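Quick setup: one chain, the form predicted alone, written in structure tokens, and binding and motion questions come after.
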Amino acid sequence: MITHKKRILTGDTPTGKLHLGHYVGSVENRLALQDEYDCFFIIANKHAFTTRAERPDEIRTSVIEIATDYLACGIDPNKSCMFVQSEVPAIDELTFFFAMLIPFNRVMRNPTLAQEIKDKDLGDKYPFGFPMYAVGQTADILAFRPELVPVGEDQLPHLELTREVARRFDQIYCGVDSHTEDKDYITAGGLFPVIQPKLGRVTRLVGIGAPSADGNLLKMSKSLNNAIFLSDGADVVQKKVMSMYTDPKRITGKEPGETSPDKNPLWAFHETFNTDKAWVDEYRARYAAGTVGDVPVKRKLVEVLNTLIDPIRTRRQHFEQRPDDVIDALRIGTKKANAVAEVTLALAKKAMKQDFFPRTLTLT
């Protein structure tokens, strides 16, 4: 009996190597789902140009780094499709069509865009393509007509925009009634599903650095220099953990310590990565009582994180020595991605009555 797996689309903008925030936010989900679903993982290199257009060499290197991290984490190119965004032209065509369905002020109300403008100190100097990338993300997703999109919490506004585009397209060009429930858009004749997000077990992993001026811990980020990368060596992990920000009001052994994950990254990390919950409970109580200091708790975290990262680190070294294998995995995945996206584009053009000539796209 022939069975058809449901489809997933998710991915990353190549801004460097993957870190622990990526791992618990999305990568874990991808690994768990790649046997059950038909998985597509996009490396969105064109989106990287929104803020780094003058650094194409860096973006190209980041694409390879991300792909290497995917393989090192256990993404299997025989099961999952990892591909390069810029090599799938149907995405660009869909972006243009979708841009006609979304008011500009709606795009600019996207809170993730506003936060990025603030975090990256872009002011009003960002290029036209910066808000356009929010529309491009809808095309990244809908080109593959997935059912689920595993993401981190900060990407939910982008997914809501994608859901709006799917509804709008299906209503205008496929005749779907606006009162149709989201889950029924395809059975009602729509082309694009109103996709559902799938959050990781940790929706926002804090970084290892000090909080912002308002006292809130910052999200783990390469740009904020507060990240532990999946490619970090054991000694680097140790150095970063031992210098991790903790409760500055606490004098070791004399005053109670703050154990809230919202206030102390040390305990946010133990809650997330330490599977020995009895140890966590015991040492959290001791830490709160002031009978144990930062050092033993940090040493335990070093052990926990290196146990997690070590096999990833080993596989990464394997692929770093075989760069052709990384390129081959991307080529195979991109070829498959093009086949799917071209079908979607053809169906979209047919629905829009713009299907004048058939075409065949060939990737060598």
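Bear in mind that the values here come from a model prediction, so they are computed numbers and not experimental data. Note that residue numbering follows the sequence shown and begins at 1.
One more form of this protein should be noted, the form predicted together with a small molecule, which is absent from this view; the next part is about it.
Tell me, yes or no, whether T180 is in contact with the small molecule in the model of the complex, where a contact means a heavy atom of each within 4.5 Å. No, T180 is distant from the partner.
4.5 Å heavy atom contact, T15 to the small molecule in the model of the complex: T15 belongs to the contact set for the small molecule.
With the cut-off set at 4.5 Å between non-hydrogen atoms, does K120 touch the small molecule in the model of the complex? Flag for K120 set to yes.
Distance check, E160 to the small molecule in the model of the complex, heavy atom within 4.5 Å: No - in the model of the complex, heavy atoms of E160 and the small molecule never come within 4.5 Å of each other.
May I ask you to choose, among M244, M220, L71, V84, the residue with a heavy atom within 4.5 Å of the small molecule in the model of the complex? Flagged contact: M220.
Between V88, A143, L205, A166, only one gets a heavy atom within 4.5 angstroms of the small molecule in the model of the complex; which residue is that? The residue in contact is L205.
Among 172-180, 146-154, 75-83, 280-288, the region lying within 4.5 Å of the small molecule in the model of the complex by heavy atom distance: Partner-contacting stretch among the options: 146-154.
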